Ligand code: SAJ
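This document starts with one chain, in the form predicted alone, laid out as structure tokens.
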Amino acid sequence: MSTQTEGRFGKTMVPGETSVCVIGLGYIGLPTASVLATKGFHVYGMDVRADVVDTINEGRIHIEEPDLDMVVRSAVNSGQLRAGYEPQAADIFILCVPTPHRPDHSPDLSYVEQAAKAIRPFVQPGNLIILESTSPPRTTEDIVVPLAVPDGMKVGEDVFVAHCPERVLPGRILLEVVQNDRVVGGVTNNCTEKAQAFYETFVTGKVLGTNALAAEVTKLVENSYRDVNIAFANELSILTDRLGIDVWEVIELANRHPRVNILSPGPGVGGHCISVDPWFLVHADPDHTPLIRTAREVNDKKPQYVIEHVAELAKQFASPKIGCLGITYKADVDDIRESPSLDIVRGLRAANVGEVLTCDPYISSARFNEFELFDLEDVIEKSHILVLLTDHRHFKKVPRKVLQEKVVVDTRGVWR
């Protein structure tokens, strides 16, 4: 694949001669910025958090992601990557800011609005603006275009705007940023072509062109599909629990059917994608998304079921000690956003059903001080009940002999 792409509109995209300004240096922005820097782009990353900017400029990282520390250190030391608190002029702007939802599940687009406004003074003719943040339908056209594009510039001729949602799995981000197929949706056809030309300089997967609205909805549909499937598994886990049979065995046997593929149940659904994105579709058309809404409600209620189940088990002890293993939303990452594991720990502590001892090897006391975290050995030794909430690799190594001495609640099915 050529690293030089001749653009039909404006400057030729040659990594060594092209500058990129990445807004937001979190779980998506920093890996994206570092990969682009290693591909030869001149990358400037902007974040409002002083500790993040200072850490990156020292060649270090503030998030847990395999091999990211080495890539960032190399990119910073080579001069290809640096960070600051304000945007700066560039050929390409990439917005990688959070898009959470409010308590009523309506989308909170304030970060996108702020990012779009922030880059507006720096946008010049020929620039490409890309929104990578997962967003509700029409965010690119209704928010990014009017807030980021200066007056007098015509989209598709003077400046180019597109949506290209990230499709990466935490723990594999550096690989998947490059290897995964990408969906690129421009506000106009010219915008799509311009954005495709950029991604084709570093993506080895297919770069699939469409319009901005279709790209936005495609990402939301991907995660909503998974959410619905997980909701079925979570509802099934409650049913089988009440029937007194093993949900993992039922799913394993059912999946032997050539056209059945049930996902695994868990303590709920967390992270910034699957637990959030379906609400964007529901909000876009509440009257015609009952299945998506119901799936979200099923998954949101699963943590409370786990809390009640553990509370019932605790009644058999005079002074129960409950060991909770894991507060991140998925295995072997340090991400606690929307984590059902953390919600369960909070719920058990609030319910006063016993002393709650919590362990998570990926979370340090330096960045988490809501309650004390203990070593795994201490939690195992002191607890009457062990609740596996996140299937970190450390927890999979707990000896079976130890588990046989405890009351066990395994929400992930790894101790079967």
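Numbering starts at 1 and runs along the sequence shown. Treat the numbers as computed from the prediction; the structure is a model and nothing was measured.
The same protein has a further form, the form predicted in complex with the ligand, not shown here; the description that follows concerns it.
The stretch among 258-266, 121-129, 279-287, 135-143 whose residues place heavy atoms within 4.5 Å of the ligand in the predicted complex is 258-266. None of Gly323, Gly270, Pro303, Gly186 but one reaches within 4.5 angstroms of the ligand in the predicted complex through a heavy atom, and that residue is Gly270. In summary, among the residues Ala314, Ile230, Ala90, Val155, the only one with a non-hydrogen atom within 4.5 Å of the ligand in the predicted complex is Ile230.
For the chain shown alone, Ala83 is not a contact residue for the ligand in the predicted complex, no non-hydrogen atom being within 4.5 angstroms. Interface residue remark: Asn223 is counted as part of the site for the ligand in the predicted complex, having a heavy atom within 4.5 Å.
Residue contact check for Arg182: none of its heavy atoms lie within 4.5 Å of the ligand in the predicted complex.
Contact check for Lys330: a non-hydrogen atom falls within 4.5 Å of the ligand in the predicted complex.
Every member of the trio Lys219, Ile274 and Arg412 reaches the ligand in the predicted complex with some non-hydrogen atom inside 4.5 Å. Taking a 4.5 Å heavy atom cutoff to the ligand in the predicted complex, none of the residues in 182-196 make contact.
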